[in-house]
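Presented as structure tokens, the chain that follows is alone, the form predicted on its own.
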Amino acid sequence: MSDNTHKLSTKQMIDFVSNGFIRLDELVPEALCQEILEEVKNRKNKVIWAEKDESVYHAFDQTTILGKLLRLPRMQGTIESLVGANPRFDHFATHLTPAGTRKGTDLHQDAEYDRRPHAFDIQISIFPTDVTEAMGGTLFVPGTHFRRVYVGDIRRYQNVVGQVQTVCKAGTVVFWHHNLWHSARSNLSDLDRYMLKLRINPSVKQERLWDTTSDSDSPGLFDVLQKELPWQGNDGRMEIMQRIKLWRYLTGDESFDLKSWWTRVDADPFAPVASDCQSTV
């Protein structure tokens, strides 16, 4: 993957920065969905962790189901847009939630140990069958990837205003920031629910990896960065400032700002300059 044909657009990257995920419907062909389905049925709920530092494409060659998935053009283009062309394998898991399964409160964040200020892993959820609302597909709370908590400290929250539950057609894939709050839900249907999840790490600086040429000058492009979400309440402006910081990291443009939020805060005429700090050492 070297051209921009299947990479994310600037608008899609901004959506990812704002919401913490991007969803691509029916990305996986039906035949491959059937292979995934058999894989999940055979493995049931099993996790495989990386045993060494290696590329995800090396860990899963094109003869494996995951290898075939990773080499789908839109899958590969989206991965490259978010974490580079040759990301590191972290772990993958198969999820089977039998029909009639009732789950308790489960809202959580996966990686309390991960304190990188801006760099992020992505988690990829692949749904090989149709998922109805009754089947309880993975629930995400948009915009929560900037709110760091300790795994299940948020488990007591049954519902959050603005939460989005995955209801989709077979072959849909959700690419999400590793810190996004999420949960599995009860499967109240008479059909089993299947999902395959893969986590990968960037191996390059995540700067301008998407298609930066197609829509970078579109009117209203940054409107979504300034849109406050229902659960944010009085903290809406603080969340917008976090998005600006992440966009600066992804573009390498430390001067990027909206409505002068960071320009205003950084304007401290009494702050010591670098040379003053050095002279006191």
Partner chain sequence: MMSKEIISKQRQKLMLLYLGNASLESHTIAWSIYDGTGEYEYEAKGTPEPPYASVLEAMRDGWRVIQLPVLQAPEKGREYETNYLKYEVALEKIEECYE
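Keep in mind that what you see is a predicted model, and the values were worked out from it rather than measured. Positions refer to the first chain, counted from 1.
What comes next is about the form predicted together with its partner chain, which does not appear here.
> Of the residues K169, R74, K103, H91, which one places a heavy atom within 4.5 Å of its partner chain in the predicted bound form?
Checked against the cut-off, the match is K103.
> Heavy atom within 4.5 Å of its partner chain in the predicted bound form: which of I65, V224, M241, I48?
Contact residue from the list: M241.
> Only one of 207 to 215, 121 to 129, 194 to 202, 143 to 151 has heavy atoms within 4.5 Å of its partner chain in the predicted bound form; I'd like to know which.
Comparing against its partner chain in the predicted bound form, the contact stretch is 143 to 151.
> Is L188 close enough to its partner chain in the predicted bound form to count, meaning some heavy atom within 4.5 Å?
Yes, L188 sits close enough to its partner chain in the predicted bound form that at least one of its heavy atoms falls within 4.5 Å.
> Decide whether F21 counts as a contact residue for its partner chain in the predicted bound form under a heavy atom distance cut-off of 4.5 Å.
No, F21 sits far enough from its partner chain in the predicted bound form that none of its heavy atoms falls within 4.5 Å.
> Give a yes/no on whether N234 approaches its partner chain to within 4.5 Å in the predicted bound form, heavy atoms considered.
Yes.
> Does D110 reach its partner chain in the predicted bound form if we count a contact as any heavy atom within 4.5 Å?
No, no contact at 4.5 Å.
> Do any residues of 246 to 267 have a non-hydrogen atom within 4.5 angstroms of its partner chain in the predicted bound form? If so, which ones, in sequence order?
The stretch 246 to 267, when checked against its partner chain in the predicted bound form, contributes W262, V265 at the 4.5 Å heavy-atom cut-off.
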